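In structure tokens, one chain follows: the form predicted on its own.
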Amino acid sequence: MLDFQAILESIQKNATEAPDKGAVATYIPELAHISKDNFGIHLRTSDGKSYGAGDFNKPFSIQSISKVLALSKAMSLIGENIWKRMDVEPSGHPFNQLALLEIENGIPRNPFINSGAIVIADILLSNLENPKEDFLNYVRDLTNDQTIEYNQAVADSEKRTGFKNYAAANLLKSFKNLDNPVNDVLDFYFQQCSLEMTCSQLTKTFSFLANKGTCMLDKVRLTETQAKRINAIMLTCGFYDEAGEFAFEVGLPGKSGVGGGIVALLPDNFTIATWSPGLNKKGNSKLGMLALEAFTTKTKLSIF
């Protein structure tokens, strides 16, 4: 019988003692204020048990982790029609790369690079009556937690400085792959990325993907096939140009965000989330990557 609490505490101790904790993202000014000494890890098993160590109940900006939730909402609304507007291939490039988008005629490689996530934001804008409110309520219902909020300061900070996202959105618009005005799409996209959660809340939120599409409230949010597809895209595309490394070292579907969060899961077994704001050169949490590698190595729990 694995002692998950002892394993998480050991991982947390090693993380806090690490000499190199990476570098906090500074291109979103609000994120630059967060101390890279923060570290949290939380595990939730499919039978409802939970374990945590460190700052696992401290909220942070989940950033690109929200792209998985936006994709799941869009899939529940329009199903396979999503794939008429984007692909499911790894990009092999940074998340804000523009060159591929132009070469490939405005069809993003996958829904987790910024251009793909902007198209998903456009889909939600077209299909939700009150997009910001409806999306927030969707996430709250997935988690069974009405306290989850956007961080307006982060959203405003991104809106002021997200020049590459404006470029990507205008490029998408030029190829007729955005139906709504660029500013409206980006306003929603920046708001979506500003969602704040704790590691504990993230493991609840993503439990529906570990449970064949059924959420904490026992509601079916996606079909089993849709949940399988999202897990597959997380495995191959969840870490931008470091997705292969994460699959190789950790062996779980997962998604990272430049706020320092990572969430990963083993279907029918558990969801796990880490938060450490210091990033590596690829823009993923340095200690979070190491922590999850340590977890799957110690427990021998992965999809491989």
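The model shown is predicted, which means the values in this text are computed figures rather than measured ones. Residue numbers run from 1 along the displayed sequence.
Form predicted together with a further copy of the same chain: not shown, discussed below.
Out of L77, V220, M216, A232, which one falls within 4.5 Å of a further copy of the same chain in the model of the complex, going by heavy atoms? For this set of options, the contacting one is A232.
G244: touches a further copy of the same chain in the model of the complex, heavy atom cutoff 4.5 angstroms: Contact check for G244: yes, within 4.5 Å of a further copy of the same chain in the model of the complex.
Looking in the model of the complex, any heavy atom of E133 within 4.5 Å of a further copy of the same chain? No.
Hey, in the model of the complex, does G52 get a heavy atom within 4.5 angstroms of a further copy of the same chain? Judged by the heavy-atom cut-off of 4.5 Å, G52 is well away from a further copy of the same chain in the model of the complex.
Would T296 count as a contact of a further copy of the same chain in the model of the complex, using a 4.5 angstroms cut-off between non-hydrogen atoms? It does: once a further copy of the same chain is placed as it appears in the model of the complex, T296 has a heavy atom within 4.5 Å of it.
a further copy of the same chain in the model of the complex: contacting segment from 62-70, 269-277, 249-257, 32-40, heavy atom within 4.5 Å: Only one stretch qualifies here: 249-257.
Going by heavy atoms, what in 155-193 lies within 4.5 angstroms of a further copy of the same chain in the model of the complex? Residues within 4.5 Å: F163, K164, Y166, A167, N170, L171, K173, S174, F175.
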